[in-house]
Each structure stands twice: as C-alpha cells, then as structure tokens.
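Shown here is one chain on its own, the form predicted alone, set out as structure tokens.
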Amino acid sequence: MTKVLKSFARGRWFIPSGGLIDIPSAVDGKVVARASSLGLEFAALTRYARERGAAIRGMTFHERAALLKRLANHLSAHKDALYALSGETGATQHDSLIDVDGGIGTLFAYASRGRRELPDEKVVFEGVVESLSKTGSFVGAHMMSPLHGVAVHVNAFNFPCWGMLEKFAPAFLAGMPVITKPATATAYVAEALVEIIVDSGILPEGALQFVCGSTGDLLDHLTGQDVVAFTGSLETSEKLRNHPTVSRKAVRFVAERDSLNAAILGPDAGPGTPEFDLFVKEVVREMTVKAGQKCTAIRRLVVPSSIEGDVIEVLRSRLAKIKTGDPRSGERVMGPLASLDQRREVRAQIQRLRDEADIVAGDPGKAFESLDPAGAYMEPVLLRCRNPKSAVLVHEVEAFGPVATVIGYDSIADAVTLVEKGEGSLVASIHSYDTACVQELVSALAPYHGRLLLLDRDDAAESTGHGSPLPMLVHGGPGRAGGGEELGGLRGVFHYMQRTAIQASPERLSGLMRTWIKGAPAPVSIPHPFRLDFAEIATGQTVETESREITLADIEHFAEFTGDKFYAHMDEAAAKANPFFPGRVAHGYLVISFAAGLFVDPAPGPLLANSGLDTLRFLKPVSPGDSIRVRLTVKSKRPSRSPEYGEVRWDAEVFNQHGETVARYDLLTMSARPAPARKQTNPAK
C-alpha cells in the first residue's frame, strides 16, 4: 500500500482528508508516496506557533544551542533511514552525504557558534557602544531580540534534508518557531526527517511544524513579526514576495532562487597548468553531482577564446566517462533527475539554449536500454555559445540539470561583461594563478555575487569546492539570485531578530547589556576581585592601583632584556624627530607589563590564568619620569563549557600622573567556579 505522507501540526500528526498527489520515484517511476495538506487549518498553525513561541523565546541562546547539538547527535544516530529513502529521489550515496550529513553538520555548526559567540542571555547586543553626548552621560547600542512571530520556510526539491535544516538551525537559535514546507517531489524524505525529530522529543512543543502539500492560505495569516524564507524558482519567488499580506504587512522575505553561476578560467590557466586541470575537474563535478540539480551548480563556463577548443575537448572526454545509472546500486554513477517532469523541463530549456549554442557533448534525448524507461535519466550535456558578444539566452535560461555552456572571451574586461549579464548569482569561481588577474576579476564581480571561490594550486587540496555553501559564510546572492542571505554564521541568526537602538545612561545600558561600560558605576572591590571565585565576581567591580614611576633605567633594562632597541626608546634625538614622540619613550609592552605588576594579586587563588588581551591600544606616549596607575574593572563574565572555571573580561585602563589614558585593553582571565555542593548521605542506610 502506497504511503500517505502526514503533516505535523499543533503537536500531532495530521492525515490529509483528500486531494492526494502521487509522488513517483525518480529511478523507476513507481509511486513512492502520496501527499496533500487538505484539511489543515493554517490560521490555527500560525496561532499555535505564536502561542508556543513564547516558551522558545524564554530560553537563552545557550539553551537553544544545547538543544541543536542534542538534535544533531540524535539525527546522526538515525540517518540510515534517510539515506535509504534518498535513493528514490535520484540521489547517489555521495549526493545523500551532501544532503543528510550536510544538514546535520549545519546543526552542529550553529550549536557551536551559539555557544561560543552568543551570550547565555535572551537578547544580544551588536557592535560597539556609541557615545551620544559630550560628557558621556548619554550612550547608545543596538540590541537584537527575537521577533514575536513564526518563520515560514519553503524549500526546494533537491535537498530535502539540508534545505530544511540549514533554515531551521539559525531560526531556532534566534528564538523563532518554524513552519516548514518541503517540495512535494521529495517530501517523503523530509517527512522521515521530521518524524525522527519529533520522536526524539528534544525540541520544545511548537518549535517545528511540518506542512506536506500545498501551503493553502498560510501566507494570509502572517504579520510583520513573521519571516518567510524561500528556496526555488524565480517565478514562485515573485508570487510569494508579491503576496498582498507579505507586501502590506512588510513580512520579512528571504529568497534564494535561480542562479546562472559562472566559472571563469584565467588567461594564464592554459592546458598543462594546475588551474586548467582544477577547472575541468570542478566543472565535471558540478555538472554531475545531484545530476546538476543544485542552486550553486556551474552553468556558464567563461574561458579564453584562444583555448576554447581545448576546454571543450577535455570536458567532452571526461563527461563521456560519466556513467548514468541507478543510484541505489552502490556503483559510482550519476543518478536520474528528480522526476520525469523535471527532465522534460530541462530538455525544454536545452532546446531554448540551442538558439544560441550548439551541443558539443551529450545527448539530452538519449534512451538508456539497461535502465528503467520510467526513470528520469539523462546524459550530461555541454553546449558552446556561438556568438558570446550578442548572446542573451545563455545568461537568462537555466537548465536545472547536468547542463553547462562554454562561453569564450577575448579579454578580462570581456569576461567581466559576460558574467555580469547573469544579473546576480549565488557563486562564481575564478581559476587563475595570476594575482593581477584575480584582483581585477574579484573587484569587478563581487557586487554581482554572494560568494567568490578563488581556486588555485595553493588551496585546492582543502577547498570545499564551487558548489558547497558553508554555515559560517553567506549563502545567497544579489539580483536574479534573490537578493537574500542565508547562513553566514550569526548573520543568518539575525535575519530572525529585530535590531533596536537603545539610548540610555551608561548605568542603565550597562545593566541591560550585563556588561560594564565606561561611565557606569564601578565600585572598588574589597577584597581584590582576583580573590573571588567566578560566582562571587560581579560586573562593575573595580581595582584602583597605586602609582609606579617609569625611569630611564627601566626603559634601558627592558630594551636589553627583550632585545627591543627601537630608536624611539634608545636615541633621544631620533625620537624627538619622530612626530609622535617628545623624546625617548617607554615601550608599550613595558607599560602593560608594569600595569600587570600593579594590579595582579600574586598569591594562589580562584584566578587560574590569563588567556589573552583584546582591543589593545596605546593612546599616549609615556616618557621617563612619568608615573602610571591602573583601573581594572570587571566588564563581563560567562561560564565556560568546563564546570571548573568561567571566563572573565576586564576593562583595563592605564593612566599617567595627569589622569590621561595612556593605554586601554580588555584583559581575559579564567576564574575558578565553586564546586557544586555534595549531597549528604545517610550512613544508616
């Protein structure tokens, strides 16, 4: 009996009441599953998400990051079922690795970033504190807080696991509940993924709802507190972006859509060079992995006209070795397209491209006698643009399959013009070892791309390749590519948060930020804060030190001891000739070394180690005979992953005898955390 796919709505699985659509296997055309969302009340879904979303917002970033890590571990232990189903979509074992393990890896990446880069709080302050007044009594900063809405995610068919998880991870970390809708063609894999997630019981109630089938009137119920993130075609993107509710209520809309990505072969990268070989290898891989059904796949091969024939000949030879076959066989093959409808679409787009280009490798209509005729199999197809200077369609028509077009150029400026005709792409790769060439291409093409890969002999061994979005870098692109950004580390998280400027006194803002800022109260700590364990240390506690004179003998001894005999420290006449110094001056590192000697409490205690300095600036020279003193203030603190200690950030400001700041920096230390109280045992038991 054919499986009927379910939706997960309002905390329970929902069986559709009718309107079922057959979903065929890409391999043999047999119906794998049936899907529909008929009967779902979408107003109730959004209402449920908003009501339950308050609990998610009530968690801290660290708590949400911990759940993402637990979920990633759970999925890692249950991914075999996803691999088994993925074969029906046409994905090989390697293709599934990108989808399944890539999605799980994104969860791990955001869990780690949330723990390392975000505070154990419900909001985060971004950027520096701005002084808004002459005396510093009025300051401002930007606070990021979770939107009080729901994130609606509409995903493409080509990556049913990664596509869902790469959107879910930053949204959940930001504190937003998610309603996710997979493409129907591969929804049976997405449903299996959600089933594993739901069965784990890891996520809070309402964190994830799953719509299998049409979105119905879902968008009608959105507000300005909601976010829509879409991956798919330009046409569908336009319909969603122009939806009356999305437009009227200014619903945030993030799109990742059609992209005629290019690979540019530099004039220096002729046959026999490592860059030429890398270019060929990368093009073949991008044409055949997932049967070319990737938003980041290479569609345009921009190569020097003088070696266009060489490029085509080598690619023709390499592509002829690609075996098309059943992805479930375990052999090294290129699987079919996702469906017969998808293959018909790709063939139709190839036919359009033939108005401007000739097929030089592959046959889009080839029948595979050894394979099931109901499977959506197709050979890789390489075309050559006949007249690059006048061609239009090769820069507008995307055949979303194993298809690419060779386009010749005569100069770097010509190559730039050709690539720009794509009107914005997710990614382009530049294959050159000529620094001037690379710099010219990067400068010209960066405004048209979300990502540029500079691939050469130096980075190829560890490069993740043209078509691999990474969680720490932006995935998205301008213009035709959608104008949105997904991933990108915390940039992806902040899509789901509101940036608000907070203007206040230093004391009030310091309290909100849980970080001491200059101008806020800084009571002198007794005892010395280095004698306090992590739990006892409070933001704002301060040490005011005694003064110490810096003598010429100190400077000369430091120079001899360290070997730093820079003339400004050793030659009075030369130092005076320098526009920055009045004469011989103390080494900057001497100043901060003496500063440490003034504030350090030397006896063993809760302070365990100094882990570094941040934002060190030398602001005024210190001359022989000057005196320095230090004010050390607890700026912020955060527990570490280890239960034995926490990390403390101190504001260190060094003054001279006139009260002028000569140096300022953040001191980072690790302080012991109190041991948890042991439970008392009853010896009588």
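Not measured: the values here are computed from a predicted model. Numbers follow the displayed sequence, beginning with 1.
A second form of this protein, the form predicted together with a small molecule, is not displayed here; the remarks below concern that form.
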Review point. Where, among 370-378, 224-232, 526-534, 120-128, do residues come within 4.5 Å of the small molecule in the predicted complex by heavy atom distance?
Key: 224-232
Check your understanding: Quick one: does Gln93 come within 4.5 Å of the small molecule in the predicted complex, counting heavy atoms only?
Key -> no
Check your understanding: Heavy atoms within 4.5 Å of the small molecule in the predicted complex: does Glu398 have any?
Key -> yes
Review point. Contact between His431 and the small molecule in the predicted complex at 4.5 Å, heavy atoms?
Key: no
Exercise for review: Indicate whether the small molecule has at least one heavy atom within 4.5 Å of a heavy atom of Ser510 in the predicted complex.
Suggested key: no
Check your understanding: in the predicted complex, which of the listed residues (Ala262, Leu337, Val283, Val154) lies with a heavy atom within 4.5 Å of the small molecule?
Key -> Val154
Point to revise | Proximity to the small molecule in the predicted complex, single hit among Leu240, Leu455, Ile307, Val438 (heavy atom within 4.5 Å) | key: Leu240
